[in-house]
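Take a look at this single chain in structure tokens; it is the form predicted on its own.
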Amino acid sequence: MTNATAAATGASATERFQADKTHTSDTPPERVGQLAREVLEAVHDTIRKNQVSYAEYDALKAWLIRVGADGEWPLFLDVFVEHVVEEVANAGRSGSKGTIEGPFYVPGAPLSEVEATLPMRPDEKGTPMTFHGVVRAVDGTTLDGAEVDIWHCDDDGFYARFAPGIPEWNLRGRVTTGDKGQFLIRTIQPAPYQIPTDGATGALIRAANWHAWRPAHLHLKVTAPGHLPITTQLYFPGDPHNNDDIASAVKPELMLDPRSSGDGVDVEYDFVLDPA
């Protein structure tokens, strides 16, 4: 399969983001002015503190232009900025920990009740995995009819809809919980991967001598009527990039505990939703 390019990934993420109208905002001008002014003041302070030269300034302008031309703003912002927005947005919750959505979510995945096998190719590579758990409210009440929306990369580190040659809904699906809040999903264990580095974001990573790796993870959105939705990721112990994730999205509370089961692994994780 041809590798996913930064340009193609960025174009897919941008198209999906622009099609989703939930991000439109009626933020008042006073708030816009405050935030824009403080961001610019932080940039000005960095320039003064580090005595930035015109050559460095021109390199920054060229790079910013390339980010836009390559269509990589969703990739760059979701990797380097979103984790702080998520931290602020969810600071007051007492239920499950959230983390970043990232650029690879697509709404409307196939829906099943209680149990689901995610769509996958007949010869899908990877370790079979059963993922199950319970969705509860913070008071311990199990939530019947909650929805668990899951997506993750394949064994080569690629996502359906963002890399060529992968079926539309591969390793993406939704499942509603049963009368005791339970759910069960059969899939394969995802692989660690590098974010696309052939574009502007990769140029920054190389110039700064950073790495581009994300540890293996499951993406999830969990929703239930009358409760706040949670967007999160779950991680696997022993991954070498759990401690230096390029997206700074790993949290101790989001670590799974895989158990051997036949020719695969079994993982359990319960979600606790805050009241709306």
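Worth saying up front: this structure is predicted, and the values here are computed from it rather than measured. For every residue, the number given is its place in the sequence shown, counted from 1.
Below: the form predicted in complex with 3-methylcatechol, not depicted.
- Heavy atoms of A247 reach within 4.5 Å of 3-methylcatechol in the predicted complex, making it an interface residue.
- Heavy atoms of P190 never reach within 4.5 Å of 3-methylcatechol in the predicted complex, leaving it off the interface.
- A residue is said to contact a partner when one of its heavy atoms sits within 4.5 Å of a partner heavy atom; G181 fails this definition for 3-methylcatechol in the predicted complex, lying far away.
- Although the partner is absent here, F162 is not a contact residue: none of its heavy atoms lies within 4.5 angstroms of 3-methylcatechol in the predicted complex.
- Comment: 3-methylcatechol is not present in this chain, but in the predicted complex one of L75, L118, V148, I166 has a heavy atom within 4.5 Å of it, namely L75.
- Just one of A109, V79, M129, A200 comes within 4.5 Å of 3-methylcatechol in the predicted complex, counting any heavy atom, and that one is V79.
- Using a 4.5 angstroms heavy atom cutoff to 3-methylcatechol in the predicted complex, none of K221, T231 and F271 count as contacting.
- Stretch 97-105 is the answer when you ask which of 138-146, 121-129, 97-105, 173-181 has residues with heavy atoms within 4.5 Å of 3-methylcatechol in the predicted complex.
- Shown without its partner, the chain has Y193, I195, R214, H217, H219 in segment 185-219 as residues with a non-hydrogen atom within 4.5 angstroms of 3-methylcatechol in the predicted complex.
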